[in-house]
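The chain below stands alone and is given in C-alpha cells; this is the form predicted alone.
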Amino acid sequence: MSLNTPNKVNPDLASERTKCTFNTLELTHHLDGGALKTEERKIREKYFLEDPELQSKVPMEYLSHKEKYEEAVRKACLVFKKVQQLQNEGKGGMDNFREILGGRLGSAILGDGNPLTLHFVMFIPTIMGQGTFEQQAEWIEKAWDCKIIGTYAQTELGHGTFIRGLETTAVYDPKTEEFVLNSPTLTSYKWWPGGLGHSANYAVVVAQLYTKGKWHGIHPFIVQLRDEETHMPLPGIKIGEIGCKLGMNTTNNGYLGFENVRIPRTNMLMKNNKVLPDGTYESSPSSKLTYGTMIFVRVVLVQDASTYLKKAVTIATRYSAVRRQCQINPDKPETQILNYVTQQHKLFPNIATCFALQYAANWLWDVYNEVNSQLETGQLDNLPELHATSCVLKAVSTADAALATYGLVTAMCTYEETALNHRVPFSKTVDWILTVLQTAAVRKIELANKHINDRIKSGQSYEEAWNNSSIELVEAAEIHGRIFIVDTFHQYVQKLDVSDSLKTVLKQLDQLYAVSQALKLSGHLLLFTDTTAQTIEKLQLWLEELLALIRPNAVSIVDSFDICDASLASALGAYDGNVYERLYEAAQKSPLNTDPVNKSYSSYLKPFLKSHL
C-alpha cells in the first residue's frame, strides 16, 4: 500500500483481508485505468505527500480562519511550483492537475480547499473554450505560468442557477472602445467564487451586455481586479472574502462589486459572440455555447463525488471491522459492528455507489471530450443532451455522496394503488430492474406532462403550470438520472475483461446498486408499474443476500481503492486499523496540551474558584 504506515496491523483487519476472494491489485489497476496508471499515481502521491514543506507544523483545525487561509496559500503556491517542475521535466499532463485539484490527492494536501483551484478549473478553461485564438494567445500563457491568478465570477448574491437574471451590467462605450461594468444593486454583487476574496487578481466576469442601446444577454469578460505588483484592488473594484462557512474555508470564496470599471473591448471573450469597434453585435449560432464552462465543472463534480465517497466508505468499513460493540450471541465476545446487517446496509450499497459513480463519471468525461471536439467544428446537435445529462448526474451523484458522507438516511416508500400496466414478471436480474424503472420514468413524465396541460387548460400560464408541477418534474429527472447510472454501471460490468473472481465481485456490486436504487424508488414502482408489495419483499430479500455475499470482501474492496493514509487523514480509517492508538496520538497534537496548566486557570478559573471560599 502506497504511503500507508508499516505498523503492525490490527488483528481483526488482518483477518478480514485473509477472506478476500479476488486479487485486490487487479481491482486497483482496473479502477486506475491500468497498471501503468497505478504506478504513475503512486509516484505522484509520493512526490507531493512526502514533501516536508507540504506538511503543516500545527494541524489546520487548530488555526484561526485567517491563519488557515495563509497556510493554504503557502501550500497552494508550493504545489503548483512542483507541478511546473514536473512539466519542465516532461512529466506534466492532465492527470497531474486532475489529481491535485480533485478530491483524492488535492484534499490530502489542502483538506479545507485550495484557493487557486478556480484558476485552473474555470478561469483557464473558460478562456480556452470561449476566447478567440488571439485572446488565447494573449491570456493562456500568462495564466498557465501563473503570472496572473484568475477566478470565475458568475453567481451573484441574489442570483444562482437563474443566470439569465444576473444583474451585473457591461455597457459598451464606442467612443473609447471600452465596456463599463457596474453592480447596480447589492444583489448584483458577485458572491461565492473561489479564490476571489484575496487570491485572484483577474476574473472572468459574467455580465449582461448592452451595446447601441440594446440588451444582448449574458457574456463573459476578462476583468483585472487587483494591481499585479501591489495586489491592491483597482479603482471601482469592491472586493473581499465572504467569511467562515461550514466547510471549504481555505477556498477563499469572495464577493465582488463594480463601480464604473472600464475594460478594453478586446477583454470580452469573443469566440462565440462579438462586439465590433463601432458597437455592432454579432451573435453565434447558439447561445448555449456560453455555458460550456459550467458543463465542464459538472463533469469534474461527478468525478469528485465518487472520490469523496470512496474515502468515506474506506474509513467507515475499516473502522466497522475494528470496532467491536455489543453481542449478537450472549455467550461470545463483543462482535465487530461490520457483522450487523444494519451496518452492512449502510456501507455496502455505498461501496457499490462508488463504482457506479466512477463508471458514470468515465462515460461523462468521454462524452464531454467528444462533444467539445464537435463544437470546434460547429456541430451543436449533442450539446443539449450533454447539458441535461451532466446536470442530472451532478445532482444525483453529489446528493448521494453527501448523504453517505455526512449522514445516512433510510428511504420511506409510499404505497398507493397500482396502475394497470402490462405485466413484467419479476426476475432477479439487473435487466428486470432497468425495465421497471424505465417504465416508471416514462409514466412519471407522462403524468407530469398531463398535469401541466391540465393546469394550462384551467387558465394557468405555461410558466405557472410548470412551477406548480415542478415537484413531479424534479422527481422525473431524478428517476432518469438514477436509471442512467444503473444502466451505465451494468453495461460496464458486462463488457469488463477481468478475472472471473473479480468479475463475480463486480457483478454483486452491480446488482446491489441496482436493487438499492429500485428499493429507493419503490414508491414510484408501486404507483407506475405492476410491481406489488410481494415484489418489493423479494427485492428486500435479494438485497440481504447480496449484503451477505459482499461481507467477506468488504475490507478488501475498499483496500483496492488504494487511498493512502495521508489522503484519508483519519485516525479511524488508517490501513493498519490501530484506531485507539491513533486517536490518542492525535489528541496530543492539540495546542492546549502544550502546557499542563493553561494560563486561563490563573487568570479566570482560580479567582472564580477562590471567590466561593
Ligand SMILES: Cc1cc2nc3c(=O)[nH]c(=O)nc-3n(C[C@H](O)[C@H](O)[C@H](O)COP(=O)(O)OP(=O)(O)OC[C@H]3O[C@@H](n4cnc5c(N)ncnc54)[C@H](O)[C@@H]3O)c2cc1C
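Given the structure is predicted, the values throughout are model-derived calculations rather than measurements. When you see a residue number, it is the position in the sequence shown, counting from 1.
Form predicted together with this ligand: not shown, discussed below.
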- Heavy atoms within 4.5 Å of this ligand in the model of the complex: does T161 have any? yes
request  = May I ask you to state whether Q154 is within 4.5 Å of this ligand in the model of the complex, using heavy atom distances?
outcome  = yes
Partner proximity in the model of the complex: Q344 to this ligand, non-hydrogen atom cutoff 4.5 Å: no
Next item on the list: Considering only heavy atoms, tell me if L186 and this ligand come within 4.5 Å of each other in the model of the complex.
Entry: no
Students should find that, of F80, Y281, F484, W192, the residue having a non-hydrogen atom no more than 4.5 angstroms from this ligand in the model of the complex is W192
Picking from S522, N253, T389, S320, the single residue whose non-hydrogen atoms come within 4.5 angstroms of this ligand in the model of the complex is N253
Exactly one listed stretch (350-358, 334-342, 232-240, 193-201) reaches within 4.5 angstroms of this ligand in the model of the complex by non-hydrogen atoms, and it is 193-201
